[in-house]
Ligand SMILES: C[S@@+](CC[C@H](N)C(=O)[O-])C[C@H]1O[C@@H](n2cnc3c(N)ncnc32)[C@H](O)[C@@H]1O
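Below, in structure tokens: the form predicted alone, a single chain.
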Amino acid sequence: MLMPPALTVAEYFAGIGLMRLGLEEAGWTTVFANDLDAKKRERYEHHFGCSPAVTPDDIHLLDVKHVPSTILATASFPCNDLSLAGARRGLSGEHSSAFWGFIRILEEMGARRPPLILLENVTGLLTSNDGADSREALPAVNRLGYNVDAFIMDATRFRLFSLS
């Protein structure tokens, strides 16, 4: 009987680790984490220790050689430019353009690209620039060989986690 591959995840834009918290509860193991923000990295390491160490590199400069192969890659890229509360500059904005850095990493991974990705963001991604951003982003993911769909989840329907 073949054993399934280990449920490993690379977490981009890890923040304080909320994605990791949920995935680990479901049996996933985080083997790579990346976040540029020093305060978020500090909170992440407070919650989970230094394994894996949170790579502090800007996603646009991250060297793909330092990214391990995994089954899943998650990306909760910055929403500042997509949110109704933000400037609505879209995926070309200073913060939300980090999405393109994530796409670059996946492209450069080639055959090591994870079979699954999970992108998380605000609903403004679907409507920013009159929907042009989502019409550009979703096909970019498709070109990498992924089947993609967007859907909105109501966070109030999920249980809350406590990070002490």
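Here the structure is a predicted model, which is why all the values come from computation and not from measurement. So that there is no doubt, residue numbering starts at 1 and follows the sequence shown.
Separately, the form predicted together with the ligand exists; it is not shown, and the next lines address it.
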Check Val9, Glu24 and Ser51: does every one of them have a heavy atom within 4.5 Å of the ligand in the model of the complex? no
Tell me, out of Glu42, Asp63, Glu108, Asp58, which residue has a non-hydrogen atom within 4.5 angstroms of the ligand in the model of the complex. Asp58
Per contact check vs the ligand in the model of the complex (non-hydrogen atom within 4.5 angstroms), the hit among 65-73, 109-117, 32-40, 124-132 is 32-40
Taking heavy atoms only, is Ile16 within 4.5 angstroms of the ligand in the model of the complex? yes
Can you check whether Ala137 is within 4.5 Å of the ligand in the model of the complex, heavy atom basis? no
Considering only heavy atoms, tell me if Pro78 and the ligand come within 4.5 Å of each other in the model of the complex. yes
